[in-house]
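Take a look at this single chain in structure tokens; it is the form predicted alone.
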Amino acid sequence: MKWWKYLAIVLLLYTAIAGLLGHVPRLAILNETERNLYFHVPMWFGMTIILGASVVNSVRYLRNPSPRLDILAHESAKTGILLGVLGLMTGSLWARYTWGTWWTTDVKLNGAAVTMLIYLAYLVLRGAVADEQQRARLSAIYNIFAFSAAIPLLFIMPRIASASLHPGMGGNPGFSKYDLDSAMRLVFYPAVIGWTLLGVWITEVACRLAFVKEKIYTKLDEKQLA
């Protein structure tokens, strides 16, 4: 394995142990649920980075079409969607114990849900087009649109909203204001790196499998033509 894979394992183990057993500030209502910060938020960081890599490969594909770039964009998008869904699940669980409900009509939550629906439509689009080149081109164009829509939905609209229950949004203070001793930062930042590296790892494995399948299909087509 490459060195960064060992680093990912170490950071995630550190996050799990320190995140569940380490010190967290005592805040009203949140209490021990603050520990979810080490899982929920880093997943979204990782999702954004992986989806960013996906859209970069889509742009590269449109400039210089190749099956390799299409595979990189597709598999990165799937990993980003996986991290996004996990982020929604951990966020919903957190909301249940702090807000008393699994879901609420909060601009941050709804924006995240719409983002995931947009990217799920990306997967549906890929499955609906039979021609490989047409599928790759349409997917690349749609991927750029999806990422362009995700940024305002996730990071701009919640901040300009007049009210939001989500920490750091709509005038609601974020954790940085309360974490005066910076104890949570010692776990949070490694968690962001660890979850992001895990996303890269998953994408790498998925891409390698896709490359193998592509070679097999190419050889089968060559045999049929011969």
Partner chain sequence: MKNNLLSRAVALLLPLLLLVSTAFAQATAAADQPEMADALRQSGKIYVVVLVIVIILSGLLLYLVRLDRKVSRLEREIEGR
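In this text the structure is predicted, and so the values were computed from the model without any measurement. Numbering follows the first chain given and starts at 1.
Keep in mind the form predicted together with its partner chain is missing from the figure; the text below concerns it.
Colleague: Examine residue 55 and determine whether its closest non-hydrogen atom to its partner chain in the predicted bound form is within 4.5 angstroms.
Modeller: No - in the predicted bound form, heavy atoms of residue 55 and its partner chain never come within 4.5 Å of each other.
Colleague: Applying a 4.5 Å heavy atom distance criterion, does residue 63 contact its partner chain in the predicted bound form?
Modeller: Residue-level check for residue 63: no, no contact with its partner chain.
Colleague: Residue 201 near its partner chain in the predicted bound form, any heavy atom under 4.5 Å?
Modeller: Because a heavy atom of residue 201 falls inside 4.5 Å of its partner chain in the predicted bound form, the answer is yes.
Colleague: Classify residue 159 as contacting or not contacting its partner chain in the predicted bound form by the rule of any non-hydrogen atom within 4.5 angstroms, answering yes or no.
Modeller: Residue-level check for residue 159: no, no contact with its partner chain.
Colleague: Any residue of 186 to 210 with a heavy atom within 4.5 Å of its partner chain in the predicted bound form counts; write them all down in order.
Modeller: If the 4.5 Å heavy-atom criterion is applied to its partner chain in the predicted bound form, 186 to 210 yields 186, 187, 195, 198, 201, 202, 204, 205, 208, 209.
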